[in-house]
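What follows is one chain in C-alpha cells, specifically the form predicted on its own.
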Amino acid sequence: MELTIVKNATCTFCGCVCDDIELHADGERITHTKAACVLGTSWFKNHTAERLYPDALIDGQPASVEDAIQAAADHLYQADMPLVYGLSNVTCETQREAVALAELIGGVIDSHTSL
C-alpha cells in the first residue's frame, strides 16, 4: 500500500480547530498523527468513511430510521431525567436543537469535558 502524508490537516473534534496536524495514511486508514492531542489522534485513527453500520439500530438490531426515531422518542418520554451528552463533534445548529430538546423534555445537558 502507498503511504500518503497530509500536512496541515485540521481537526474539528473538540472545537479548538487545530490546523497544524500531519496525517499518515496507508490508503484505507490513518496510521499515524503528528501534533494531534489524544482526542484528535483517537478521532483521526478511529473514524473512517466506510459504512460499518446500518442507518439505524434498535437494541443492536437493524431498524428503519422511522422506527429508531419512535424508539428514541419513547425512551425520552419515559425517562425521569434524560441526559443530552457530548455535542463536541457536531455543528452549532445541532447543539442549539439539542439544547431545545433538553429543555422540552426537562432533561440536563453535559459535555465530554466534565470528565
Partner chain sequence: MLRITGGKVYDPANGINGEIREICICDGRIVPEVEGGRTIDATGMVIFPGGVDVHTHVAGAALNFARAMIPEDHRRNQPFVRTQVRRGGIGGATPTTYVTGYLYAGLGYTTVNEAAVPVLSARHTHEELRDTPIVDKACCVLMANNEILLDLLEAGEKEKAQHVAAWNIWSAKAYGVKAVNPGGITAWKWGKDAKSLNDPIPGYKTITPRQIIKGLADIVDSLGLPHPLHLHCNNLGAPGNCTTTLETMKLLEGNRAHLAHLQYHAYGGDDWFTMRSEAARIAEEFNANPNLTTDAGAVLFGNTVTITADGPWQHLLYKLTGHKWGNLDVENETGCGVVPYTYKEKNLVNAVQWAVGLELLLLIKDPWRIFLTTDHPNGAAFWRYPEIIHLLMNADFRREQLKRLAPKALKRIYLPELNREYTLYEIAIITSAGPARALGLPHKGHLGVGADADVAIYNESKDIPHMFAYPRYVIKAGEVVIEEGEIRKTVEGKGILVQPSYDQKVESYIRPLFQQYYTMSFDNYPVEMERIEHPDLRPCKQPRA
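For clarity, every value in this text was computed on a predicted model and none was experimentally measured. We call the rigid core the largest set of C-alpha positions that still match within 1.5 Å between the two forms. Positions refer to the first chain, counted from 1.
There is another form of this protein, the form predicted in complex with the partner chain, and it is not shown here; the text below is about that form.
Along 8 to 23, a non-hydrogen atom within 4.5 Å of the partner chain in the predicted bound form is carried by Asn8, Thr10, Asp19, Asp20, in order along the sequence.
Relative to the superposed core, Asp19 shifts its CA atom by 2 Å or more between this form and the one not shown. Once the cores line up, the CA of Thr94 ends up less than 2 angstroms apart between this form and the one not shown. In the core-superposed comparison between this form and the one not shown, the C-alpha atom of Ala72 has shifted by less than 2 angstroms.
Compared with the form shown here, the Cα atoms of Thr91 and Ala9 sit 3 Å or more closer together in the predicted bound form. Annotation for the pair Cys16/Glu103: C-alpha atoms recede from each other in the predicted bound form, by 3 Å or more compared with this form.
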